[in-house]
Ligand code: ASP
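Heads up, the chain below is alone and in the form predicted alone; it's given as structure tokens.
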Amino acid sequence: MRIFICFIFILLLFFQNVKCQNSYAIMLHGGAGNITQENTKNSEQYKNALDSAMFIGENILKNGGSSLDAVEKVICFFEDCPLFNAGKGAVFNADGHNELDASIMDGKTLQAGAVAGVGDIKNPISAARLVMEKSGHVLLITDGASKFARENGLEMVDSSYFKTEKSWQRYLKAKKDDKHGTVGCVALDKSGNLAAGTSTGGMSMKKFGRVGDSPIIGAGTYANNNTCAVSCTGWGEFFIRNSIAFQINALMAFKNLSVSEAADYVINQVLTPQGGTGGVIVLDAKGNFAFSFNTTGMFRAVSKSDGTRFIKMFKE
């Protein structure tokens, strides 16, 4: 009888392990800010873009692809979509130029790569991955990042590629841009590996050379298989000062908080009291996920192998 019970127990562990190995999850965001039903006239376009991006990631993960591949390809889609403040359609700095930042991190190895202040790399997230895998460094900036990308065969473009009429008119009017479209993605693949990535054009009318949290590992992006994968969006200076992405990881590692508890803590107890605004997406190695933000809305979406799938833009 004991042998039989042990056999059943082993079978249950085996099937549980198989189930875990076949599970995957992906989360993405398109920025947080003053996003309401009243001021988001083209909400269907955003929803469709989020759906298309998620479909790309889902297919990669469903077919056994890596979380790194899913994160990179999803963010490439966002960078090619003029609706968001990343890649084409990125906001302009105070001097009328586009300065793009991106980062990516592998939760299995803790390797990471990033680029900052670039204006001629079509897909900065791909450059960030190259930095991680081929440079021996974590962060390359401006001309050095561009030279490295060119030497490694990435598609380069003239700076005019990133300009759209809508973003240019906003710059000419010198108004504070309402396009809170930093993009990010976190993913869990069938092997149980996490990855995170973030890409942005930064703040509208920012000073020349300003770098926000998106390319800073631990501030805007972080991934560790033992805890979680995080991508942030919002007022970058506050995310840098508080190491928001790493702090979520630390709360889970040292305080044993869940993804939702850790995410809500940094947004409500750390960011908000200081006057910072923004949001985070967080995913752990078991597929538990959380969105947390203190703005009126956040473009966000999630999909899991268990059938969970939704796209949201406004506060509940």
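In this text, residue numbers run from 1 along the sequence as written. All values reported here derive from a predicted model rather than from experimental measurement.
Here the subject shifts to the form predicted together with aspartic acid, a form of this protein not shown in this document.
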* Partner-facing stretch of 235-243, 110-118, 71-79, 139-147, counted where any non-hydrogen atom is within 4.5 angstroms of aspartic acid in the model of the complex -> 235-243
* Asked: With the partner left out here, if you bring back aspartic acid in the model of the complex, are 100, 103 and 123 all within 4.5 Å of it by some heavy atom?
  -> no
* Identify, from the list 130, 83, 154, 203, the residue with a heavy atom within 4.5 Å of aspartic acid in the model of the complex. => 203
* Answer yes if any heavy atom of residue 212 is within 4.5 Å of a heavy atom of aspartic acid in the model of the complex; otherwise answer no. => yes
* Asked: Can any non-hydrogen atom of residue 231 be found within 4.5 angstroms of aspartic acid in the model of the complex?
  -> no
* Does residue 182 reach aspartic acid in the model of the complex, with heavy atoms at most 4.5 Å apart? -> yes
